[in-house]
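Given as structure tokens, the chain that follows is alone and in the form predicted on its own.
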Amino acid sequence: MSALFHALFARGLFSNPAVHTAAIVGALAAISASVAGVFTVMRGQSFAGHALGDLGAAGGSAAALLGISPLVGFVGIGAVAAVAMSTLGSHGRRDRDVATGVVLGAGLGVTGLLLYLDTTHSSTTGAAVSVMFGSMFAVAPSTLPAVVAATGFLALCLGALYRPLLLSSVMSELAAVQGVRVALVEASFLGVLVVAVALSALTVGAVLATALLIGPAATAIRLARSPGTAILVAAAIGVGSTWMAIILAYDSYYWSASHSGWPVSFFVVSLIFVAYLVAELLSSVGSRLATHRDPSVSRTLS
């Protein structure tokens, strides 16, 4: 039993302060991103989430250049991008996607400039890699209060928005008939999405933020029968994948004689991808069994 424990958990894992910080920040970010991700998938706003993640690279680069917390940069640029996308894409879903693409293109141009300035005019080493792909073990403990505050803000907003947000996500026309201010709900959720993506980018990087936002949510929706259950399942998948990734990344330091550990973000996205494939397989098997038991199901689905 002791041999198995040491095989799974490398020495020093549970006493390492960097691991403690990564586990707390990673769990809070995973919960925030996964819960917000369920509504993002239901509302068909995955592209907006992806764009905010990529645009976060500009905020992270600016933060590295100014010497401030990367979370401030991620949230700041996300807020600016959200306002721009909401303003330019206020005439329907097609306009919204076009506006998102235009803002994304402009933001990536700014990202290129800021990353160039980071590498040529700043003494910060590895800023580009950290911003783009994350560095969970390098998250400063001083960032923890801001992460807790952001997570609490997101939880309060989603709690207040839950009913109108759920109704407008499923049937926006019915929500409007029942007096829900759909435009206000959409704008409020976009603000929630900014915070969720910022927390995700802080842990796995701006480029991979979408994986933590969309992956657990899409997997949970495949498995769950109700939005509430999907939220719980998504949070469990997000936290489980993040903690397992931290363990594997820490263990990977001892996998070779060179002692060069693998990135946490690689393990996070890989585990989430595997979870989605398993959910897809289970969903497919379940559909085939239902068809086999009741042939009328196949006619209904077709």
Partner chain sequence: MKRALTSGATPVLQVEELTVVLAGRVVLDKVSFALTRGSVTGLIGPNGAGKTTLLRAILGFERPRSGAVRHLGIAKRATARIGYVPQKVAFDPDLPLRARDLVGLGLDGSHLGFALPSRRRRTLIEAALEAVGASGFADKRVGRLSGGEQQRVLIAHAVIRHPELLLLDEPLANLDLRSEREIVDLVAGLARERKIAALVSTHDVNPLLGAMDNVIYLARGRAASGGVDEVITTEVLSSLYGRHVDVLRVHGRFVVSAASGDLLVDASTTSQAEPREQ
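Numbering follows the first chain given and starts at 1. Keep in mind the model is a prediction, meaning the values are calculated, not measured.
Below, we turn to the form predicted together with its partner chain, even though it does not appear here.
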Is there a heavy atom of Tyr116 lying 4.5 Å or less from a heavy atom of its partner chain in the model of the complex? no
So in the model of the complex, is its partner chain close enough to Thr120 to count as touching (4.5 Å, heavy atoms)? no
Should Tyr162 be classed as touching its partner chain in the model of the complex when contacts are defined as heavy atoms within 4.5 Å? yes
Verify the contact flag for Arg222: yes if a non-hydrogen atom of it lies within 4.5 Å of a non-hydrogen atom of its partner chain in the model of the complex, no if not. yes
Pick from 129-137, 97-105, 76-84, 178-186: which stretch has non-hydrogen atoms within 4.5 Å of its partner chain in the model of the complex? 178-186
The unique member of Val207, Leu167, Leu144, Leu88 whose heavy atoms fall within 4.5 Å of its partner chain in the model of the complex: Leu167
Find the only residue in Leu65, Leu271, Val239, Met42 having a heavy atom within 4.5 Å of its partner chain in the model of the complex. Met42
Contacts with its partner chain in the model of the complex, stretch 228-253 (heavy atom within 4.5 Å): Ala230
